[in-house]
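Shown next as structure tokens: one chain only, the form predicted alone.
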């Protein structure tokens, strides 16, 4: 009986439905902010279950909107829920939830892209990186417009052990457009293999949990939505700075239908480009005829290590950007035409 009482204490009291909250506060999804509401509590409960047990956990919810996912997180037993919401219109509805769960909800009116999550939770919940993940979860039904830049930002924070990762290997459960979810989890050789695949998978175990049909959202988006779960690896598969890895991977995949050597060439200045490309591929022992999607994480590890060596041997190489070189050439041609 005591156990039953304890379990029921996590459940929220009777509240207006999410649909009623939307009507009560005259809310509507803003198309320019790529907002889509998920009203079905069975689906929000299913998203929350992908995070694992939230009993007595600390949780940060990104962009709670009208609060559907928020309710599921609270009903799952989270003891401390920090919600970060940029849109002022949703704050009154979130305050209603906060009052229904006294002491369990903290509301931050701000932008998750700039919010200091490392300051949002007590230091005592932290675990060392080699230990298991801390009892802290990041969960969010992300607007499409922010999902890709946000996961890249968090992957960099993961590599640097900053932001939500000062507490250890914090787990993420997030929604993305189905196509983006497939890229994040794509295997070697698949059509969806991309820069995102490598950047996520060298740092995390990434799981594409399930797909939510677009018709489940209000308003209905043109695409379906994938729920993806990330658990940071105790030891990243590539031991090089994030910026170096990101630069390498971005260059390789810019010519995804060509041989990998074509993108690798653009890591080097025009003078000596072919010789340095050949040297990099030789040191990494990577077949130059492979397509970008055919390269494995070990291939990228070898390329990153070899590129790091070349940068150490050639001053200024790490800062080289072929786009800047192209701009300089165009400016030079434009200047010559004007003089004529």
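Residue numbers count along the first chain shown, from 1. The structure presented is a predicted model; accordingly, all values stated were derived computationally and were not measured.
The following text describes the form predicted together with S-adenosylmethionine (SAM), which does not appear among the structures shown.
Taking the partner from elsewhere, residue 110 is found to have a heavy atom lying within 4.5 Å of S-adenosylmethionine (SAM) in the predicted bound form.
Residue contact check for residue 43: none of its heavy atoms lie within 4.5 Å of S-adenosylmethionine (SAM) in the predicted bound form. Remark: residue 154 does not count among the residues lining S-adenosylmethionine (SAM) in the predicted bound form, judged by a heavy atom distance of 4.5 Å or less. In the predicted bound form, S-adenosylmethionine (SAM) sits within 4.5 Å of a heavy atom belonging to residue 143. Shown without its partner, this chain lists 54, 295, 38, 304 as candidates; in the predicted bound form, only 38 has a non-hydrogen atom within 4.5 angstroms of S-adenosylmethionine (SAM). Screening 193, 86, 169, 262 for any heavy atom within 4.5 Å of S-adenosylmethionine (SAM) in the predicted bound form leaves a single hit, 86.
Picking from 249 to 257, 196 to 204, 118 to 126, 143 to 151 the stretch near S-adenosylmethionine (SAM) in the predicted bound form, with a 4.5 Å limit on heavy atoms, gives 143 to 151. Residues of 46 to 68 placing a heavy atom within 4.5 Å of S-adenosylmethionine (SAM) in the predicted bound form, in sequence order: 61, 63, 64, 65, 66.
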